[in-house]
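Okay, here we've got a single chain as structure tokens, the form predicted alone, with questions on binding and movement later.
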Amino acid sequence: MTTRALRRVLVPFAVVVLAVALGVFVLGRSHVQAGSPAMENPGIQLTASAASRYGSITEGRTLFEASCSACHGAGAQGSALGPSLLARGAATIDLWLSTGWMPLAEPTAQPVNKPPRFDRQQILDIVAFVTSLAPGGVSIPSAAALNLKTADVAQGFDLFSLNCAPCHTITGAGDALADGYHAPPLHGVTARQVYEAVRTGPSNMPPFGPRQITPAQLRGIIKYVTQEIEHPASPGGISLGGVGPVAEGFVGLFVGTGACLLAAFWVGDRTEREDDEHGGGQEEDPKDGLEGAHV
């Protein structure tokens, strides 16, 4: 067989083999990535460690599509009803879900503390899915970051008084803010939620990074909130709800003064009744005195 004839046979065969190999490669790659978040959101890369670090991306995607995508979009890119969650970080997603702030009953309502809709594993699954879409943000704190054995609660009180009490009040009871918003109460929060709130800055709260509040200082704040605020001491015997000195002063003034006035009226009324019963209130007849003077 001549070289020209051999070339006529081999060249078409090589083209067919190359086409088949290319088709298998393309179809196989499409099959592997079909249905993944990256296919629906071109340009967004999945982080390989998300599933092993937090939970199941597949389960998290199912939960996200059922409860969150209506406002935040199928790829967490945001919409007119909700902001983008891309690169917000695991701590942000975990905080809003574990406190019950999300999902909202109404998209325009301010988030309020309520029992979370998902259990802990479901929350971690949603965190895994959202963080797999885009890296960034603050991670969920480790056990070492929440170790409060050496935390300085006195320093935590000073930092809380300076940075947190103006909105949450010194007793953590919460307070009203501008434009109808309010700072939520801090009773019943966990150490992880305090950490995540300080580092991520939910709603109107500003975030505090390690340069503003160091890890050691943050542990002091967490210890003060989870111990002193959660279990306040009442040296006076009656805490009056722990709503703060101004409100407690009004309670003491009106309740205390009112009780004193009621006691005074009761004593005065009882004294008058006793005088009437013993005749101490009868007037003497002036004729009796005159008859005695002429005798």
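When you see a residue number, it is the position in the sequence shown, counting from 1. Since this is a predicted model, take the numbers as computed values, not measurements.
The following text describes the form predicted together with heme C, which does not appear among the structures shown.
Checklist entry - If you check in the predicted complex, do Leu124, Pro141 and Thr214 all have a non-hydrogen atom within 4.5 Å of heme C? => result Contact check failed for every one of Leu124, Pro141 and Thr214.
Checklist entry - Is Pro184 close enough to touch heme C in the predicted complex, meaning at least one heavy atom pair within 4.5 Å? => result Contact check for Pro184: yes, within 4.5 Å of heme C in the predicted complex.
Next on the checklist: I'd like to know if Thr150 sits close to heme C in the predicted complex, meaning any non-hydrogen atom pair within 4.5 angstroms.
Outcome noted: It does not: once heme C is placed as it appears in the predicted complex, Thr150 has no heavy atom within 4.5 Å of it.
Item to check | Non-hydrogen atom contact Ser132 with heme C in the predicted complex at 4.5 angstroms | outcome: No, Ser132 sits far enough from heme C in the predicted complex that none of its heavy atoms falls within 4.5 Å.
Checklist entry - Within a 4.5 Å heavy atom cut-off, is Gly137 in contact with heme C in the predicted complex? => result Contact with heme C, no.
Next on the checklist: I need to confirm a contact call. Of Met205, Ala74, Ile170, Ala145, which residue comes within 4.5 Å of heme C in the predicted complex, counting heavy atoms only?
Outcome noted: Checked against the cut-off, the match is Met205.
Next on the checklist: For the stretch 53-73, I need every residue with any heavy atom inside 4.5 Å of heme C in the predicted complex, listed N to C.
Outcome noted: Result: Phe64, Ser67, Cys68, Cys71, His72.
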